[in-house]
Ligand SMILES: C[S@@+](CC[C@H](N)C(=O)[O-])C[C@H]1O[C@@H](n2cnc3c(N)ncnc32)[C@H](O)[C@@H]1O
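Next up: just one chain, as structure tokens, the form predicted on its own.
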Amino acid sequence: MDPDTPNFDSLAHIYRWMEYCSFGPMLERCRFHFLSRCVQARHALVLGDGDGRFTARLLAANPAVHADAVDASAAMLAVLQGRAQSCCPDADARLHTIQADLRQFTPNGESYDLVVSHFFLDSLTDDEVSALVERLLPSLTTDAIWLVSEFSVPEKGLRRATARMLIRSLYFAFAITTRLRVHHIPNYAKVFRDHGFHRREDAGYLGGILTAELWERRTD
């Protein structure tokens, strides 16, 4: 593993409580907003799901889906796998965990109809998001959907100032605890559009400071 890779191992067992203490259940609600749209998925690629709350819910909600969960943190993957096993008796058969730095990860020729990145893209630069999408595209089906949950900065008003201050403080905290070197949310929407995706649905939480988005691949 690259020594510059952010290390989230120390947060694996407290990440959920850190969220609840700072945002209550809102990040979790944002993650699960489009879960019902995943019932037709058969092969999911889950990027940086942390302690695995979405992955476990996905496996429970869709008994036919198989999921590959990728994360740089071995500790996070262990918690994710344990959570999935506790709610799905057949999780071992349907879940494959992969420890890898997603800044270099390339799928192994799989065909994914669902990609999930909840509060993960904010750990990448614009160029890294673009490179990731380019590496994933050959392994996506023509009708693949991509679920995104992220922090967002409202366009105006007090909420804009609040969001900018909040996001700045989060980056500062993660720089100290995980060696994260990114300092702002990338323009992933532009990257997605440039690579043939369109945003089909979105929903805001906390006055627009959190966003849940469903992107759909276009091949025409």
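Predicted model only: the values in this text are computed from it and were never measured. Residue indices: 1-based, along the sequence shown.
One more form of this protein should be noted, the form predicted together with the ligand, which is absent from this view; the next part is about it.
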message: My question is simply whether S130 lines the interface with the ligand in the model of the complex - judged by any non-hydrogen atom within 4.5 Å.
response: no
message: Can you tell me if I145 lies within 4.5 angstroms of the ligand in the model of the complex, counting non-hydrogen atoms only?
response: no
query: Given that the partner is absent here, does A100 sit within 4.5 Å of the ligand in the model of the complex, heavy atoms only?
result: yes
query: Is the gap between P186 and the ligand in the model of the complex 4.5 Å or less for some heavy atom pair?
result: no
Candidate site H43, A69 and D113: all three near the ligand in the model of the complex by heavy atom within 4.5 Å: no
query: Using a 4.5 Å cut-off on heavy atoms, which residues of 13-32 contact the ligand in the model of the complex?
result: Y15, E19, R31
